[in-house]
Each structure stands twice: as C-alpha cells, then as structure tokens.
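Okay, so here's just one chain, in structure tokens, the form predicted on its own.
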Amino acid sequence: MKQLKLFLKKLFKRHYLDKKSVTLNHKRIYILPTQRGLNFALLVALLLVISFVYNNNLAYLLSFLLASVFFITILHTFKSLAGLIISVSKAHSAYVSEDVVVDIYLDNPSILERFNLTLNLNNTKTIDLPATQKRLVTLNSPTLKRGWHYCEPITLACQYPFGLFKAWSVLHFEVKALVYPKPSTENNPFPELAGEQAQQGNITKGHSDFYGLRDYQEGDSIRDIHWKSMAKGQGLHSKDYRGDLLTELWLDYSQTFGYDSEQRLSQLCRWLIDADNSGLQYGFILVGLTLQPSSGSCHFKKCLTALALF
C-alpha cells in the first residue's frame, strides 16, 4: 500500500508551481466517495434489490430518498471548497530538528459558511470559515538538515456535510525557509583570541568583563541571573564575569570544538546566540567570510544565514 501511494504521488507530480494565491474551481478540486460513502451506496443498492424482489412501494420510496441524498451530497461537498482563495504568507526560519512554521491564509469571499476544512502539511488543522472572512492558519514542516528547506505540497480537504464524499485540492506553493545549525548544548566559554586584530595585538582589555553564561548555582546573586535567556525558555543561567578579558569578541570557526564541521557549526551557533542574548559586540569569521564586530538582530541574522548556507 505504501509503495502504491509513492507511485501515485510520483505519477501525478506536477512540474510547475502555483502562484502566491490560488482560487479553487472545478479544475482544482477532486472528489471521491469515502469508505462511509461506499457503504452508503451499497446500502442503497441493497434496498433497491429488496424493493424489486418484494415489490414494496415504501422500500422503493426509501431507496430513492437515500439515493437522492447521496447524489446531492456531491454538490454540497464540492461547494465547500469552490471559490476559496488560498495564499501563502511566509515560512519562518528554524534550527535543525525544529519545525518550520508556515503561514497560510484562507479567504472565503462568498456568503456561504465553510465547515470542517482540513489543511494538511506534516500536521493537520481543521477549521470552520465564516462567510466573507479571512483566517490565518499555521502549519509545521519538520527539518532534518541545515540550509534551504522546501516544504511539501499542502492539501486542503473537506468531507462536509455527511462524510460520504471527500473533496480536496493539492496546493504546490514554493514555500522555503532557512534552517540554521542546531545550537550546541555545551556551554563552552567564548574564544579569547580570534581574528586579525588579535593577531596584530590590537586587543582592548577591561576589568571584570562579561565572559559568558554558565548554569545557575545556588548562592548566585539575583543581579547576575540572565533573565533574557530564561524568558526564551533556555533554562536558568548566570552571567560569568572575569577580569582582563576581551571587550571586542571574535567568533571564529577555526576555534570551535567538534569532530566534524556540523559539530563546529553547532558550537559557533551557540556562541552567536549567547553573544546576542548578552548584547555583546562580536565579529564573525567563517571560511572565506569575515563580518566586522557589530550587534543587533540584523547582524545576528547575517551570521546565522552564513552558518545555514556554509
């Protein structure tokens, strides 16, 4: 069964992508009976046979009534999706092993309320969409490696009103997001010497400078607790101050720890997060790339982007 699904997926794979916004019509909506619908059709056929054998008018009436419900349901299930406007907003960046969050907008321009709409990517969301309303739906796409992450096609489906038929449409948006290396869980101290300025001796020192973050220990002053990392759910840490340290920090790939490039990038990512959380000025050095010391979200994202595309 799994191999058959993979074969059908490859067979019907489209070679072009949808635009940012798609309006569903008869060319984009597929509809088939569900298992419940097939059972319902079998019941109607059985009633017709009984009606014919016993020549019972009430059995005929019941058979035709149920058959009319069966066929009218096709129209109502189709209309549950027809006319909807689906657009993709953006996909948010994430770290390896985290989910990329994709923002999808569903717009219902008609005066008909849409019930039991199901969107599926790697998770499933079911919503009701009121008439003339627009709603944001977030879907998740898991990541396995750093770099550009391309999301799978999105499926919008509906089985309203009785679950006898399933109408669906497959949306092939080009949804991609950057995936950064997974930050190391080890709290290794910042490198003390890095970059051309350190090699040339242009190092500025100070007294009791910030050195990094360490795990909270009983007895630490409340003033040294790093509340910002705690608010982000990274655990309880204390600020580590030491004398005669660099006030200009360089984060250099060549000074990272690890057995391979992914572990070293992971350590460099951890240093970036710690330096940004601490509000430090830091430079960034990768193979073939040097970013001068700076701070702020723009500088932080440039460094993370370089790590993702390394």
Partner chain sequence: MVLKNNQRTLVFLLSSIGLITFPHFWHIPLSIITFFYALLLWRFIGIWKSHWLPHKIIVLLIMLGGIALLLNHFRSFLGRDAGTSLFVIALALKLLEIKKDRDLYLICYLAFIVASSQFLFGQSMLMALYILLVCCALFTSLIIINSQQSKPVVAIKKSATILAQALPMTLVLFFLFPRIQTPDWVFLNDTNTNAITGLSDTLDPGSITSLALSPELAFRVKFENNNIPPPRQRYWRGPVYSYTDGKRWTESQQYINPSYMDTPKYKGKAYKYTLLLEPQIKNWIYTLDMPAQFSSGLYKNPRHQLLTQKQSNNRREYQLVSYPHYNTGYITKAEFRENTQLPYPASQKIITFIKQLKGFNSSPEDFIKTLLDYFRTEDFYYTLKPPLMKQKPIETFLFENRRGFCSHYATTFVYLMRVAHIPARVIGGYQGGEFNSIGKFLEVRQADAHAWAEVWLENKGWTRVDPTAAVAPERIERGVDINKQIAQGLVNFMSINNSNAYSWFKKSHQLLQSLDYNWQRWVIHYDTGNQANFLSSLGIKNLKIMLYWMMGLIGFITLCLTIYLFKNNDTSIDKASFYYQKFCKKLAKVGLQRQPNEGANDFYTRISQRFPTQKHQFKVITALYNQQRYGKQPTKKVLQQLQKTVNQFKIKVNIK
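Numbering follows the first chain given and starts at 1. Between two forms, the rigid core is the largest collection of C-alphas that superpose within 1.5 Å. No experiment lies behind these values; they were computed from the predicted model shown.
Below, we refer to the form predicted in complex with the partner chain, which is not included among the displayed structures.
Interface residue among 228, 125, 134, 145 relative to the partner chain in the predicted complex, by the heavy atom within 4.5 Å criterion: 134. A single residue from the set 189, 235, 153, 163 has any heavy atom within 4.5 angstroms of the partner chain in the predicted complex; that residue is 163. In the predicted complex, residue 253 stays away from the partner chain, with no heavy atom inside 4.5 Å. The shortest heavy atom separation between residue 101 and the partner chain in the predicted complex exceeds 4.5 Å. Using a 4.5 angstroms threshold between heavy atoms, residue 108 counts as touching the partner chain in the predicted complex. Although the partner is absent here, residue 66 sits close enough that one of its heavy atoms falls within 4.5 Å of the partner chain in the predicted complex. Note on the interface: of 179-187, 137-145, 166-174, 77-85, the segment with non-hydrogen atoms within 4.5 angstroms of the partner chain in the predicted complex is 77-85. Site residues 36, 47 and 60 are all in contact with the partner chain in the predicted complex, judged by any heavy atom within 4.5 Å. For the stretch 39-54, the set of residues having any non-hydrogen atom within 4.5 angstroms of the partner chain in the predicted complex comprises 39, 40, 43, 46, 47, 50, 52, 53, 54, in sequence order. Relative to the superposed core, residue 53 undergoes a Cα shift of 2 Å or more between this form and the one not shown.
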